[in-house]
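First, one chain by itself: the form predicted on its own, in structure tokens.
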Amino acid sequence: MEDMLFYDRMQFAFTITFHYLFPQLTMGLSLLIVVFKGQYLYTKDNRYNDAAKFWMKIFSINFVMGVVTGIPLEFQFGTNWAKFSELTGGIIGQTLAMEGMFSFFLESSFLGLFLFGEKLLGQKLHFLTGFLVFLGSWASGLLIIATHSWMQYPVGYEILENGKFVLNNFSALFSNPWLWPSYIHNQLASVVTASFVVGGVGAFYLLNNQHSKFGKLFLKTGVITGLISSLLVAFPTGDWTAKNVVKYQPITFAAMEGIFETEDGGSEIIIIGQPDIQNKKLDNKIAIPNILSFLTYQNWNREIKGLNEFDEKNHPTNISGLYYAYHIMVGLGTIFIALMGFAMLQLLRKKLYKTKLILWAIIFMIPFPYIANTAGWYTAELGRQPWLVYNLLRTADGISPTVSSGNTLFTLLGFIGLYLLLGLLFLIVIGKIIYKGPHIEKQ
């Protein structure tokens, strides 16, 4: 049973981690495409129109990859997690079906019109198709996170005598206090990813003296949106999300922050430290006294419960992984703010385009928003363990009893090989599009 649970979790973790590399760019990029197209309508400068169509090509390839890698996730609910699907399908099936039927079709239909219908539709309707692509991608994120939020903080349900969960209040799914902080935080994080990608491509063009007018446009757009979104991810949305964890999952918060023992007189915030699970302490820690209490409750001396206050059988199953995932996310977010803040300063001083150190730094940082987003999702998922539905259904009780660990391991190895191949082909195609650069239309 332990082997089955381990391989089921590993397979889902691998496939969803690889899958989310693509939606996190498309959701953020769809907003920037709307911005470029809107600027074209306002200024009649063809650079903005060319930029919108260039990035929609990148969007479309990411979209296809997201679809291809997302389909196996749906099947895993029925193969590896059949008991979970049987018990909770009456609730999570509704939001997942809505995501597929409404958001996916909205996004895919108008993507085709944006790519091929500009001359037929005219510029205003072309802008509308881009906006509807954006709306579809963000609605998709909302419905997925509504599902996730119900698993983190279940609302509007009742449990039948046979153990199945049924929904008795549909609107509760969308008024869930866990939903909106998580959703806004996640969407802004996707804008951070898109901003670094757009800005990084702009920096690449400037360093190579190619497509310079687009390089300046992309870099300027990436820096402005990157700074704004990075700040908003940290505050207020990051703060809002963390306070939700304190309120609804205090045991998760204690593990995230590495608080093993309840401290009198306020809790310190950990800058660096390594969890020692066996001895229930942090090694080599560097901390600032009382800061965590102030950030959490605006009270320097407020007590925050440690893991020692909770039943050990309900502790997160991977405290070290949760702690590191959370601190990687926060640490990288701080670096994003610092880098984009310095780049904005140079932009205002009209020195950004020739400051090679910043240009190289932005290029180098392109992978790190992906890492930060992944670490953020790991924080949420590891924090909920050992539960599939928090405090109601344990992860061990949701797996399929008839699927052996050997079968799961075999298919996991297959996914790894296939996804590595898909990833390589994706990078080759995207690299060729970026190297060729935007198509320039004559004015």
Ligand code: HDD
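Everything numeric in this text was worked out from a predicted model, so none of it was measured. All residue numbers are counted from 1 along the displayed sequence.
Omitted from view is the form predicted in complex with the named molecule, to which the following refers.
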Check: Considering Trp178, Phe114, Tyr323, Tyr205, which brings a non-hydrogen atom within 4.5 Å of the named molecule in the predicted bound form?
Finding: Trp178
Check: Val192, Val198, Ala255, Met340: which sits within 4.5 Å of the named molecule in the predicted bound form by any heavy atom?
Finding: Val192
Note to self: When the named molecule is placed as it is in the predicted bound form, are Ile269, Ser293 and Thr296 each within 4.5 Å of it, taking any non-hydrogen atom of the residue?
What the structure shows: no
Next item on the list: Spot the stretch among 353-361, 280-288, 325-333, 208-216 with residues whose non-hydrogen atoms come within 4.5 Å of the named molecule in the predicted bound form.
Entry: 325-333
Notebook entry, point to check: Wondering, does His185 line up within 4.5 Å of the named molecule in the predicted bound form on heavy atoms?
Noted result: yes
Check: Does Ile228 make contact with the named molecule in the predicted bound form, using a 4.5 Å heavy atom cut-off?
Finding: no
Check: Closest heavy atom of Asn373 to the named molecule in the predicted bound form, within 4.5 Å or not?
Finding: yes
Check: Using 4.5 Å between non-hydrogen atoms, is Gly89 touching the named molecule in the predicted bound form?
Finding: no
Check: Mind listing which residues of 364-381 have a heavy atom within 4.5 Å of the named molecule in the predicted bound form?
Finding: Pro369, Ala372, Asn373, Gly376, Trp377, Thr379, Ala380
